Ligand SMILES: NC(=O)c1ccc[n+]([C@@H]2O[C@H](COP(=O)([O-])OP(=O)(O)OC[C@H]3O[C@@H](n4cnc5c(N)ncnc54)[C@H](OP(=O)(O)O)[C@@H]3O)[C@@H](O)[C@H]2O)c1
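Let's start with one chain on its own, the form predicted alone, as structure tokens.
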Amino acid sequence: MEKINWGIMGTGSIAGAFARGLKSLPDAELIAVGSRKQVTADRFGKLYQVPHCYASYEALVQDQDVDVIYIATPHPFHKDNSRLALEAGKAVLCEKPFTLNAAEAETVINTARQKQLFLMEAMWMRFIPAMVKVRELLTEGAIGEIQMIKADFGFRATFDPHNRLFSPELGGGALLDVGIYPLSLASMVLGKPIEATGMAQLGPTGVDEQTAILLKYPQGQLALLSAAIRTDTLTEAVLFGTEGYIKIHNPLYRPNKLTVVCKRHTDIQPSRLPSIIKRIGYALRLDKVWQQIKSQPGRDIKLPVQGNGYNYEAAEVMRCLRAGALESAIMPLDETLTLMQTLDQLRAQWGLVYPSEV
């Protein structure tokens, strides 16, 4: 299979993680990196064996051999960086959060659609094998109709007003950095909420250091979500259905284990058991069979992650490019826009405005 050539815009830690992810894909080739300085581009290129190292993003997008560019710059620059690549005719995978707000997201999406170019938000969690299995289980109706979701993502970072996590200028705070994960999960499962409300603790720099979110959906379903950058949380999720539940184990963003508890295994009433036992030839006493069924434990499903996890979203991008698709059905652009609109609604309730939005 002919290789697809990648370029990376940015040289930070997330860019490095993505570069390592590409290494595990035999049909992917990282051929170019762009930075704001030649020294950082060269350093990145040496570390990840990238042949073309550019001292500007403009030079990167002009590389005729690059098929698709991964945007790994800070949040406030996603809009302009994505549009720069799209205007140059490149397909784009843009790191989450897709942009700072919905207006920016709409601008980028419109550019991609006008140019007839592929574009996707890099929500790598959706492409991890365990999350693929979650979608399969839900499609099969394994736990009935979803009624409620509980999900969180929190960690305790050392406070540093100069760190991007705490910088309003760089779109810092829990919501955009890690809150997008439980929000994206809820969106994947339940779609667009009809109501979104939340509370946030704003820290000394003005960004949200922890948030609690409640979403309501058309059929009355609820999602209880939280995010934090100054508080360690379980970083897991549970999907509650009418017939059981699915637990997505820690870490939510890169899970490798699910637990499925399905009430259907316990819905066989004692009055029905004799015929069932007779049909399958069991000679066990009725009460013993019933107790065994009633005590049926949850089923653990282990799905190891190959590579570092970033390879899965890259593989989806390349699958779409080879198929001539302009977006992914797993992370569609309209859903990305809806997610950004929900983020905007929540920030408005907290009075959280980033400097570039003023």
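The first residue of the shown sequence is 1; numbering continues from there. Since this is a predicted model, take the numbers as computed values, not measurements.
Not on display, but discussed next: the form predicted together with this ligand.
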### Query
Are 35, 74 and 77 jointly within 4.5 Å of this ligand in the model of the complex, each by at least one heavy atom?
yes
### Message
So, residue 14 and this ligand: in the model of the complex, are they within 4.5 Å at any heavy atom pair?
### Response
yes
### Query
Does this ligand come within 4.5 Å of any heavy atom of residue 133 in the model of the complex?
no
### Query
Might residue 188 be said to contact this ligand in the model of the complex, defining contact as any heavy atom within 4.5 Å?
no
#### Entry: residue 97, heavy atom within 4.5 angstroms of this ligand in the model of the complex
yes
### Task
Select from the listed residues 164, 192, 115, 257 the one whose heavy atoms reach within 4.5 Å of this ligand in the model of the complex.
164
### Query
Considering this ligand in the model of the complex, which of 248, 128, 170, 146 comes within 4.5 Å of it through any heavy atom?
170
### Message
Partner absent here, but in the model of the complex, which of 102 to 110, 176 to 184, 238 to 246, 193 to 201 has residues with a heavy atom within 4.5 Å of this ligand?
### Response
176 to 184
#### Entry: Within 4.5 Å of this ligand in the model of the complex: residues from 139 to 160 (heavy atom criterion)
none
